[in-house]
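To begin, one chain is listed below as structure tokens, in the form predicted alone.
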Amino acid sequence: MISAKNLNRIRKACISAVRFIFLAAFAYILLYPVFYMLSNAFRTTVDYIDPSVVWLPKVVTWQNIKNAFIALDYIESIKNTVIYEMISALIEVFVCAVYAYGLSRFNFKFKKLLVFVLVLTILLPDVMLMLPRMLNFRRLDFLGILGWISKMLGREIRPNILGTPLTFYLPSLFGVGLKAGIFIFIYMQFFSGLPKELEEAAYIDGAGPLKTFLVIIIPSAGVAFLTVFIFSVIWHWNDYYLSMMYNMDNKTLAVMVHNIQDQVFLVFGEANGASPLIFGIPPAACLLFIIPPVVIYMILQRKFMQSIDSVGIVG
């Protein structure tokens, strides 16, 4: 007969085994695309048509990486991504913190209405806003003022900012950029938990709201800033739809990867044997695409864990 102590051990062992199997299966589902990409990025054309090759290629080649680097126009695409997407991401990190601080720490008229509008911006997908934004960016105006002046002058003075970084910078500055509503909500949740004594002490020392935000709130919200920074950089890096709609000429890396098959035939051409390259270049292009954000995330993750230990609010 099994004793109660042994029965408890068996129960714990079974729970641990079930937990391990679940986590292993979940990890496999998440990592399978990465393993598949790595396996195919370094194969030769012969290995692709060899049914005996499943995971490990018989011959490891770097030619796919070199061809993908050329097909993506990697350096130029990285530059466009930084100019159009990464700067916009950095603007959102700071601007959303300012808006969230005002919504979470001050009481004013129509505050509940603004919070309701904030929730709507989270619920509405960016795809629904593309067409009205494109029309507005094509003839940029504010409250119809420039349109009224154009009618008075008899000529169009509303600027067309499509294809310029302003199509990304302006929404970020006004807190309506890519996923800005989620970032504001994250900041609001964090700022709401900060003790009022921090601001009261700053006010006694003669600091105004702006100085209090810059000197007291920002250093105390290191975890929130890092979290939003990581999300903002990753989401802007992966952005395809906005880049494709607003910026047709200066293509970002996400757009180039999405159109990699067309890029292969455009760069190498059918006459130069582009058909065999279509097997190895797409996974190699995906590998080149994920390397920069993975490196950034690994660096920031270490700093994020350190900030949890060094930045703490008690009270």
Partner chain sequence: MKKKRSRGIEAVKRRYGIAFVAPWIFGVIVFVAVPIIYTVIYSFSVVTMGSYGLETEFVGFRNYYRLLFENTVFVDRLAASLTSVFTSLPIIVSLSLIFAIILNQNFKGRMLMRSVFFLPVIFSSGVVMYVLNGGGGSDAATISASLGSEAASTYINPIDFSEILQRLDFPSDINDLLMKYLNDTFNLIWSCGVQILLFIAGLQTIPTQLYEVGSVEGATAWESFWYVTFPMLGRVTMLVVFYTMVELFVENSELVDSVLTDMRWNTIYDTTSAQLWIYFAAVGIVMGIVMLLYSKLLLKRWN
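Residue numbers count along the first chain shown, from 1. In this text, the rigid core denotes the largest set of C-alpha atoms whose superposition between the two forms falls within 1.5 Å. As the structure is a computational prediction, the values presented were derived from the model and not from experiment.
Beyond the structure shown, there is the form predicted in complex with its partner chain, which is absent from this document and is the topic of what follows.
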{"item": "Options 134-142, 147-155, 218-226, 80-88; stretch whose heavy atom lies within 4.5 Å of its partner chain in the model of the complex", "value": "134-142"}
{"item": "Joint contact, 39, 190 and 299 to its partner chain in the model of the complex, by non-hydrogen atom at 4.5 Å", "value": "no"}
{"item": "Exercise: residue 75 in contact with its partner chain in the model of the complex, heavy atom 4.5 Å", "value": "no"}
{"item": "Partner proximity in the model of the complex: residue 202 to its partner chain, non-hydrogen atom cutoff 4.5 Å", "value": "no"}
{"item": "Partner contact for residue 34 in the model of the complex: its partner chain, 4.5 angstroms, heavy atom", "value": "yes"}
{"item": "Distance check, residue 62 to its partner chain in the model of the complex, heavy atom within 4.5 Å", "value": "no"}
{"item": "Any residue of 210-245 that, in the model of the complex, places a heavy atom within 4.5 Å of its partner chain", "value": "210, 213, 230, 231, 234, 235, 238, 240, 241, 244, 245"}
{"item": "Yes/no, residue 291 Cα shift of 2 Å or more between this form and the one not shown with rigid core fixed", "value": "no"}
{"item": "Post core alignment: residue 205 C-alpha displaced by 2 Å or more between this form and the one not shown", "value": "no"}
